[in-house]
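Shown here is one chain on its own, the form predicted alone, set out as structure tokens.
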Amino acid sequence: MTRLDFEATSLELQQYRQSGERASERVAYLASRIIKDGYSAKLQDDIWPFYEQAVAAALDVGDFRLADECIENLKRRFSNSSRVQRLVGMRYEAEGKLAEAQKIYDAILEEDESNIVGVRVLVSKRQIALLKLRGLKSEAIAALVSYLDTYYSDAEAWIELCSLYLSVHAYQKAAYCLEELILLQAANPIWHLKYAEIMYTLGDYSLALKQYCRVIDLHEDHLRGMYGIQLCASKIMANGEADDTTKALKELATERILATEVDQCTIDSIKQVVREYLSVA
């Protein structure tokens, strides 16, 4: 076995921590080498984030021996730490002991309302992921709603809640989640697209058409957006409620869908009509 370059190894691990990159196999290997070769003490104050990093990587690759050694070292130094308890919960998860992990996460969240925000966020997300994994959708929804009462701007949580509502066919509530996402990230065409699809499912073709138009306004040659415009405009026309702009949207969207090559003139025409529609919608 080649001699370990401690300086290069510790720098590499630090860079992974700073970037947030998991690189679990590489991190687990390097962490194992540092411990086996007796370099742990040389990390000095970096030893504690190193142990946390090593636990996560070891659990990812199924190296329970390495994970347990690092957890025990952390326990000796931080016996009542919520961060360490979170790692213990992750260890249970990796073994498939989901109920035990759930108890630990619940205890962390109930024990001390003043826990460090970052820890509470991570534990809350682990708790929610476990509830989903165990098929407890109602409990997962309740936990997410509670979480978002505190961390309103977490777009990832709104997406998760939307997905859960859709899985139980609660379309109005899923639509509300997307409305919040649009407020948070109005320039993201994906939220407008998903909102449009839900409105179409609910039969609100006018609002769906408006949102499909938003998609095209933000992403000019979005084919799913074009299909949406064509479908909504067709429904509105069938109901006898279409104006000239709606008819023009249907014709232009159909032309684009059937085209084998993208014609910039067609795209420009669609965008112009889209913006006319949005200005009065």
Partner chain sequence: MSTTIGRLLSLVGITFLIHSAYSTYQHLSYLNAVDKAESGLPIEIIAECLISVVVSLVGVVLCAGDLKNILMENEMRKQTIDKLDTAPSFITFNHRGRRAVSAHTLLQRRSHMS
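Positions refer to the first chain, counted from 1. On a predicted model such as this, the values are computed, not experimentally measured, just so you know. Each form is matched to the other, and the largest set of C-alpha atoms that superpose within 1.5 Å is called the rigid core.
Below, we turn to the form predicted together with the partner chain, even though it does not appear here.
- Residue 220 is the only one of 46, 52, 220, 255 with a heavy atom lying within 4.5 Å of the partner chain in the predicted bound form.
- A heavy atom within 4.5 Å of the partner chain in the predicted bound form is found for one listed residue only; from 198, 157, 108, 84, this is 157.
- Residues of just one listed stretch (167 to 175, 200 to 208, 181 to 189, 73 to 81) have heavy atoms within 4.5 Å of the partner chain in the predicted bound form: 181 to 189.
- By the criterion of a heavy atom within 4.5 Å, residue 133 is counted among the residues contacting the partner chain in the predicted bound form.
- Though the partner is left out of this view, residue 60 does reach within 4.5 Å of the partner chain in the predicted bound form, counting heavy atoms only.
- Looking at residue 56, you'd find a heavy atom of it within 4.5 angstroms of the partner chain in the predicted bound form.
- At the 4.5 Å threshold, heavy atoms of residue 272 stay clear of the partner chain in the predicted bound form, well away from it.
- Residues are counted as partner-facing when one of their heavy atoms sits within 4.5 Å of the partner chain in the predicted bound form; in 123 to 139 these are 125, 126, 128, 129, 132, 133, in sequence order.
- After superposition on the rigid core, the Cα of residue 30 moves by 2 Å or more between the shown form and the other one.
- After superposing the rigid core, the C-alpha of residue 237 moves by less than 2 Å between the shown form and the other one.
- Relative to the superposed core, residue 61 shifts its CA atom by 2 Å or more between the shown form and the other one.
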